Structure formats: C-alpha cells, structure tokens
Ligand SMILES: NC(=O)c1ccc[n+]([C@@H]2O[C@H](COP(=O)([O-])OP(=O)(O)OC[C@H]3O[C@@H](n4cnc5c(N)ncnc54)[C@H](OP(=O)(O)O)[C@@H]3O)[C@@H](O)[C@H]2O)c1
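Quick heads-up: it's one chain on its own, the form predicted on its own, in structure tokens.
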Amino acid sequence: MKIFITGGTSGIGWALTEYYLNRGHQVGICGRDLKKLPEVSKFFLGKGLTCFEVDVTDRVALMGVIKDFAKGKLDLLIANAGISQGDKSSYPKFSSAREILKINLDGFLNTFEAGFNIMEKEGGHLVAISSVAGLVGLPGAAAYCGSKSAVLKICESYSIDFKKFGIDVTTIAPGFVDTPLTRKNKHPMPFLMDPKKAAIKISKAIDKKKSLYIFPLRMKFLMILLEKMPRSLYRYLMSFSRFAYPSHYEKGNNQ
C-alpha cells in the first residue's frame, strides 16, 4: 500500500510509520521539523520511507507534498498531526486556543481535502486521529476538547458522505498514549499506553474499516459514562476534578 501520515516524526505518527514500513508498505510522512525523527528513521530512508518538512496549516504546501508522494494513487491517508493543551488552567489562554484549533482542525481539514482530491476517482481510506477528550468538555482543556470533538463529528458525516466515492473514513479516539505531547502533562494519565501497542490497535481498526475506534477499553467505558450522564451532574463532578491539577487555578497569560 501507499500510505501518507501527517505528524509522522514522533509519537503515534512515527509508531504507525514504523509499523507500516516493517510490513513492506511505502510510507510518506510530514512534520514541521524533520530533526524530531528518531535515529532509526535513517534505516528506512530509500527503503520505503519518504519525508517532507511541511506545516499542515499550510494548505497549498501540504496538498503539494501529498500529491507529489501519491503520484495519482494513495491507499491510506492518516491525519495525525496535532498539539495538546499541556498545562491546564481555568484562566483562558486565547492565543494558545487559536493555535490548537488551527493545527488540530484546519490541519485535519487540509489533510482530508488533499486525500479526497486524490481518492475521489479510485477510492481509498481516510483516517483521523482524534481523542477521547473529544467526547466531553474537560476542565482546563476547552480548545483541545473542542478541536477533537469537531474532528469526531466531521468524520461521522464524512463516513456517510464519502461512501459514494468509494472512500472509507475511520476516526481513532485514543486515551493517553506515551508521546512527547503527553509527557508535558502535569496531571494524572490513567491507562497510559505504549505508542507501539497503540499503533497495533489502530492498524487493526483501520484494517477492519471501523468508522470509530475508541481505546483502551477501560478508558472507553469511563469516557462514554461521562458523555452519557446528565450534563449538570457531569459539570458538578468535574468541578471537583480540578483539584487533581495543581496548576489549574494558577493564573496564566490571558492571551
């Protein structure tokens, strides 16, 4: 298969890249800084791996590199690039929120647009990496939850709309995975998962062409419980959970 993965230089993106390369597929990846690539990536250069340094928010540049890699044929495109909230605070940081929405939402849309343009005639598979955080509004993470929720709902619509074009759409909603992004978190991360194990689970969901895959199982049950409970009760419970984050009431830059 010919596969392209955005945000493929580290974390889940690189874990998926390595997984597919080890199975003989051609994989193209992009990232804002190719210096983040692990040392082992040098082994795969020229042996199935093609790397591009591009920002997913640059629509024209991103579409150009994906088109250049595909050369008219692309089997699988994974929109993985994204950033997280990091330190949580009840004080809004509006500049950070805009950056999160720009990368997590605009970057995702740019990626899917590029993939759709290539797959429209011959079909293919579009995958978005969302998050369990998209199921609810977590305190201190408004922009991140909002961006991932938007991805979930947009992909749900696309999974219906794109069938007529022979394009499958899968949304992946992981819990906490041990990546450079999650290591910045200063709060508890239950059910933390190794990225290589996460990549295996994600690849199996892709193979089965699942519309939505939420994992790990214990996190799925927890988040669905929180999603389905009366919202007034949810907000009441979450008001107590803020004490789990030492920095939550520390004033940040109100940008």
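Residue numbers here begin at 1 and follow the sequence given. Note that this is a predicted model, so its numbers are computed, not measured.
From this point on, the text means the form predicted in complex with the ligand, which you will not see here.
With the partner omitted from this view, the residue of 67, 210, 220, 36 that lies near the ligand in the predicted bound form is 36 [heavy atom within 4.5 Å]. Against the ligand in the predicted bound form, the set 127, 206 and 214 makes no contact: no member has a heavy atom within 4.5 Å. None of 112 to 120, 67 to 75, 170 to 178, 153 to 161 except one has non-hydrogen atoms within 4.5 angstroms of the ligand in the predicted bound form; the exception is 170 to 178.
With a 4.5 Å cutoff on heavy atoms, residue 103 counts as touching the ligand in the predicted bound form. Although the partner is absent from this view, residue 85 stays clear of the ligand in the predicted bound form, with no non-hydrogen atom inside 4.5 angstroms. Taking the partner from elsewhere, residue 54 is found to have a heavy atom lying within 4.5 Å of the ligand in the predicted bound form. The closest non-hydrogen atom of residue 28 lies beyond 4.5 Å of the ligand in the predicted bound form. Residues are counted as partner-facing when one of their heavy atoms sits within 4.5 Å of the ligand in the predicted bound form; in 130 to 149 these are 130, 131, 144, 148, in sequence order.
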